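The data below hold one chain only, encoded as structure tokens and taken in the form predicted on its own.
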């Protein structure tokens, strides 16, 4: 791990020597991140030279890896779908997932409510980064580039949706998703908690979730329309 840090620091020195602007900041405090990992993650995940899969997959090499990509781990159907859609673990997507797992993978079986403290998340990601390959160590390069703000405005979550209006809007949704909640190769959204629906749709709008059709659909909807759809689908059994 210390060797990895020396490489990263050397990259910073190289960038400064050649006049490359250090527009990216260090991710966070990896030493603190190890403590966060032990407290928050180690019950299900392992990382390091002897890491093996447990209830969750081993996290070596997580940066730059496609979601659901380890051949020797049995992922949830939801995680496998997101990987097939193109979800890749970067600084931005990992930060969003650790903050609220359902923001990216609605049906994840990871029983974790999320880590709200952005500094603790940054520290955790810095620690995970120590155990990932470094194909590019220039500070501006992914995955060390500064992340954008993906947090959802509480005012958006506070919008009270009109279920009747949501039913009116739902015809495009139900050309693929079944109203009866059955899963026919496309995940069910019936009886989905309204907040989870809103968070997921805004993740598509922000292009954190990678499915291009859903990105297009979500991008056409206003905050009020998303709230209305969420209210409607939450009432379906």
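Numbering follows the first chain given and starts at 1. Everything quoted here is computed from the prediction, not taken from an experiment.
There is another form of the same protein, the form predicted together with heme C; it is not shown, and what comes next is about it.
Shown here without its partner, the chain carries 174, 186 and 232, none of which come within 4.5 Å of heme C in the predicted bound form through any heavy atom.
Stretch 62 to 70 is the contacting one of 187 to 195, 206 to 214, 26 to 34, 62 to 70, since its residues have non-hydrogen atoms within 4.5 Å of heme C in the predicted bound form.
Although the partner is absent here, residue 75 is a contact residue: one of its heavy atoms lies within 4.5 angstroms of heme C in the predicted bound form.
Among heavy atoms of residue 104, none comes within 4.5 Å of heme C in the predicted bound form. In the predicted bound form, none of the heavy atoms of residue 132 sits within 4.5 Å of a heavy atom of heme C. Contact annotation: residue 91 falls outside 4.5 Å of heme C in the predicted bound form, judged by heavy atom distances. Of the residues 96, 128, 82, 122, just one reaches heme C in the predicted bound form with a heavy atom at 4.5 Å or closer; this is 128. Of all the residues from 32 to 63, those having a non-hydrogen atom no more than 4.5 Å from heme C in the predicted bound form are 40, 41, 44, 45, 55, 56, 57, 59, 62.
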